[in-house]
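Next up is one chain by itself, shown in structure tokens, the form predicted alone.
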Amino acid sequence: MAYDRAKMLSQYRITAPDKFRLKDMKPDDSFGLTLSKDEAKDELKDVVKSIAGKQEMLYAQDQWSLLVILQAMDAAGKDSVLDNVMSGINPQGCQVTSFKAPTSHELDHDWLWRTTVALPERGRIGVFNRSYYEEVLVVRVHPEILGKQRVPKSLIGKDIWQERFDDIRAFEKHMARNGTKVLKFFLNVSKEEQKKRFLERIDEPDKNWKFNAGDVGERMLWDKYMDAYEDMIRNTSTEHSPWFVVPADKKWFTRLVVAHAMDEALSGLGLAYPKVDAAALEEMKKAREILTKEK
């Protein structure tokens, strides 16, 4: 099915954050696409193949890195995106890091430390399943967590969240200036779809392992989380690191948008295989002669 990729991505890329309202974004949107299950798989397969080709050049060139950040409410489909979009990429050039509650060792550092040490090396794609943005989401919804972070009390004031937004913007600008392209995705699932997926996890034995009773408690704080997400996006969607608010009620469409955004980002990096100089070409010529004379 033919469609305008640039137009599709622009619909979900937040380029005017001051005007952004989360309620204006529809979780069940699919850009008017009506693909069958097989058509969606074939379309995604083609995009992933394109990403894989560019990732090989990214690795060979060894200059740029790509950081993909996935943020979402529980059951929004982060794991599904990882399984289906990253499946066709050479694991040598890709690393996935999941961030849960910080350990005691991590709490002995500033809140950006644990994600900083996990940033992708040049030539690689790194994926953060949750990230430093948890500090302005979960911690904001549960401010009591701040008291466990060992930050001097005199540094925790009424402007703490704005200060963390300032730090994030500066951090991402630093990454952009040093060759790390940052792609940020909020998988926007509806409350109704989340309920449906939670019930599937409870009712289907092969999905029981996915269910965490604590997720229902977090669901009770839905409105607070939506306010936190909206404020986060309004304060941290920038020209060099914009947010994509991706509809997540239809998993096939979520995967397609993320994959297309990755492919587009890699296309904009001017990737190419390194050129071999004359001396190396001469060495290869000699090696070829030796190999062809072998019996």
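Throughout, we count residues from 1 along the sequence that is shown. This one's a predicted model, so the numbers in the text were calculated from it and none came from an experiment.
If you look for the form predicted together with adenosine-5'-triphosphate (ATP), you will not find it shown, but the lines that follow are about it.
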- Item | Proximity to adenosine-5'-triphosphate (ATP) in the model of the complex (heavy atom, within 4.5 Å), stretch among 117 to 125, 158 to 166, 101 to 109, 178 to 186 | 101 to 109
- Note on the structure: Picking from Leu221, Ile202, Val96, Ile145, the single residue whose non-hydrogen atoms come within 4.5 angstroms of adenosine-5'-triphosphate (ATP) in the model of the complex is Ile145
- Task: Select from the listed residues Val216, Ile89, Val151, Val138 the one whose heavy atoms reach within 4.5 Å of adenosine-5'-triphosphate (ATP) in the model of the complex.
- Result: Val138
- Query: Though only this chain appears here, would Lys78 touch adenosine-5'-triphosphate (ATP) in the model of the complex if you measure heavy atom gaps against 4.5 Å?
  - Reply: yes
- Message: Can you tell me whether Glu134 touches adenosine-5'-triphosphate (ATP)? I mean in the model of the complex, with a 4.5 angstroms heavy atom cut-off.
- Response: yes
- Task: Report whether the minimum heavy atom distance between Arg130 and adenosine-5'-triphosphate (ATP) in the model of the complex is within 4.5 Å.
- Result: yes
- Message: With the partner left out here, check for me: in the model of the complex, does some heavy atom of Ser190 sit within 4.5 Å of adenosine-5'-triphosphate (ATP)?
- Response: no
- Taking only heavy atoms into account, state which residues of 57 to 75 are within 4.5 Å of adenosine-5'-triphosphate (ATP) in the model of the complex, ordered by sequence. Asp74
